[in-house]
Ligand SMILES: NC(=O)c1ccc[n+]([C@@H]2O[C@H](COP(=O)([O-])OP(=O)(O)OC[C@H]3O[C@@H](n4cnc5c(N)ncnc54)[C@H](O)[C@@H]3O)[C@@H](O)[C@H]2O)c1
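This document starts with one chain, in the form predicted alone, laid out as structure tokens.
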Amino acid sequence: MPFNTISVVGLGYIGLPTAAVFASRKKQVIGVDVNQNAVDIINRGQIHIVEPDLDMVVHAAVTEGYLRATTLPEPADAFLIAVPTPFKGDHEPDLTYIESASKSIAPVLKKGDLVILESTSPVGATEQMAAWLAEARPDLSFPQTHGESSDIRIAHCPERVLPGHVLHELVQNDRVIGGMTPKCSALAISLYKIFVQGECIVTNARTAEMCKLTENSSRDVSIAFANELSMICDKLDINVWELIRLANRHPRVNILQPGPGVGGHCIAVDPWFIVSKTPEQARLIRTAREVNDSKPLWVIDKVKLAVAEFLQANPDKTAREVTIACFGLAFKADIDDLRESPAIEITQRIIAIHPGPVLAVEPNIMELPNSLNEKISLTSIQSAMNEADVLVLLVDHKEFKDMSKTLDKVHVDTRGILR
């Protein structure tokens, strides 16, 4: 079927680029978000997130009349749900955003529509979404009860893009399409082929859900190995950066680089979705998560030692007179995304335990998040270098790469920037 109008529910780091790419292919796109401010910004042809080249694509799409944002869903031929899936309590998946999105689009669904869940989800979430839709619209039939003859087609298609490269990867990457029936998958493929140049590979909804979780859990386990290795090397007085460089000269070894932990809304979250469903079986996945979650505490211990080292070299000063500068707040290099960022957690913990001034350097944001606001100062690299006594390097932003001159200052380098 021709998709004349496409609705994207959730205009964040995935939803907005997806909406913009569809609109760039001359499709009418209605973006839906509960954030009125984000809606207003987009309707002005601007963006509320940092992603290379996205501003130009959104501006062109809005100016040409192909993209429009609203807070209330409107009728469309296809609906893509790209809302957050955080967790609650003891790492239990929180599907309330998906539930709200489902119930918001239910009133405007019509026979023949396609609904795709793009949100990273625990296994079974697509079926749960279908159940919420069926409950809200008993006048329509759905795949779980009517199979191939259903009025509404439903599929899961997880995003697999890298922040900072989203526009390129949305188009070039392969897509895993998990329809609740073969016809659901076929319709979803015809939608994505509007812009996807990669291959669209068909499976069922549960396997598609598990595929995304597996990809990120695999990466989490690999990062945990590197992070654990860094702590072991510290104990044994071995330079972990040199060690990894040497080990990686083996033709079948590719150890990742350690860091202060793992952040973002995927790798730090997705493994817990597997653990929540199969706690007895997911032992390695759980342990990797625990290793990576513990790394910020290890960094804090290193910061305490760095402050003690500075005070020992400057006996005329007290801890209250020591200024610490935290370089980087984002969860990875060269983006503005602070979600689940270990750098944020470490900075918060430093504020809580350190009696002296704490500075933050984050070149990709204009203002601090509420969790840090009024507690520390957001400052420039040069100001932090001049004012700080102890430097804590948490993110390897490109702006920080030329900081070798800081070697004469006491520092904690969690990313090997100064090696």
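The structure displayed is predicted, hence computed values, not measured ones. Note that residue numbering begins at 1 and tracks the sequence as displayed.
What comes next is about the form predicted together with the ligand, which does not appear here.
Residue-level contacts in the predicted bound form: of E345, E228, E159, D293, one residue has a heavy atom within 4.5 Å of the ligand, and it is E159. Among the residues N254, S222, S100, T318, the one placing a heavy atom within 4.5 Å of the ligand in the predicted bound form is S100. Judged by heavy atoms within 4.5 Å of the ligand in the predicted bound form, the contact stretch among the candidates 177 to 185, 277 to 285, 264 to 272, 243 to 251 is 264 to 272.
In the predicted bound form, L109 stays away from the ligand, with no heavy atom inside 4.5 Å. Looking at N35, you'd find a heavy atom of it within 4.5 angstroms of the ligand in the predicted bound form. Within 4.5 Å of some heavy atom of the ligand in the predicted bound form lies at least one heavy atom of R339. Shown alone here, Q128 lies farther than 4.5 Å from the ligand in the predicted bound form, counting heavy atoms only. The three residues Y13, T85 and K212 all sit with a heavy atom within 4.5 Å of the ligand in the predicted bound form.
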